[in-house]
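Below sits a lone chain in structure tokens, taken as the form predicted alone.
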């Protein structure tokens, strides 16, 4: 066995434990869930095979489509909120902004708190009677803007977007800071020699060099948004009248609240399919943009 084959064998042996864990705790449960999606099962007792009935019911359920619509709003808010905000803050921190202490505290605080705690905090902020937001609006003479932020179906979904965006900026900020730090000083020197400064340097040098990191952040943002659950569950539980229902909360409520484990398995499989389609679509669009 030559050195190249020995290296490949060493890498394969090193990756094998992680691969086995991934297959055991990720791939097999996904396949098992898809399998139970073909059954009427209450979680205990005998499971009755019903074919594609669960999947057909998912497609015909208007609450599912409402959940999907809400998830698309969360995906859009996350991709066009979390990623750009994290990138701008990373650029400010790299330039040594005077606000760096405030930025780091404000952005990284959710990372040291559980999502449940973040949801409780924002629940009090949005509280119609004792909430900080309505109190501030009253104090500055904008009492007419006061809302039932989490109880009004017309505004509750948009209210939820704010804590979701804030809660997950930190990880992307770390990614962008690492990417910006990997840009060699020789690139900055070359840009200065060519007269590239300010916005020209940003769009012609900096962003192209970290474009791969941005693409990874977008993929993580899409997949993470489709799994959003904890903040919604703590703040609204999917209500009022399913106005903040997401795919994950819809699956949870059907599986663990009314004990339709077979139907919940079909919903979770559908979520995986939607996630794969969205990620594949985003990758296609970004690769097409690269060619243009």
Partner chain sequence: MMLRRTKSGIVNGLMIIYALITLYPLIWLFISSLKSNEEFYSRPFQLPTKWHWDSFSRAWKISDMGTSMLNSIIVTALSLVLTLAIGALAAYVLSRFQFRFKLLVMGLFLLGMLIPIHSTLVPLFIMMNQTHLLNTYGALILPYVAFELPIAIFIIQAYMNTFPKEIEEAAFIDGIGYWGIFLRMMLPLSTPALSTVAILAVLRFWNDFSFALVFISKPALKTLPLSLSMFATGYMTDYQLTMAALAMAVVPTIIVYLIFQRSIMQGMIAGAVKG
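Positions refer to the first chain, counted from 1. No experiment lies behind these values; they were computed from the predicted model shown.
The following text describes the form predicted together with its partner chain, which does not appear among the structures shown.
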item: Answer option from 49, 65, 52, 32, heavy atom within 4.5 Å of its partner chain in the predicted bound form; value: 32
item: Single option in 145, 203, 80, 102 placed near its partner chain in the predicted bound form, where near means a heavy atom within 4.5 Å; value: 102
item: Residue contact check: residue 243 to its partner chain in the predicted bound form, 4.5 Å heavy atom; value: no
item: 4.5 Å heavy atom contact, residue 87 to its partner chain in the predicted bound form; value: no
item: Contact label in the predicted bound form: residue 14 to its partner chain, heavy atom within 4.5 Å; value: yes
item: Heavy atom of residue 164 within 4.5 Å of its partner chain in the predicted bound form; value: no
item: Among 204-212, 168-176, 72-80, 152-160, the region lying within 4.5 Å of its partner chain in the predicted bound form by heavy atom distance; value: 168-176
item: Stretch 50-71 - residues with a heavy atom within 4.5 Å of its partner chain in the predicted bound form; value: none
item: Direction of Cα pair change residue 105-residue 178 in the predicted bound form, magnitude 3 angstroms or more; value: closer
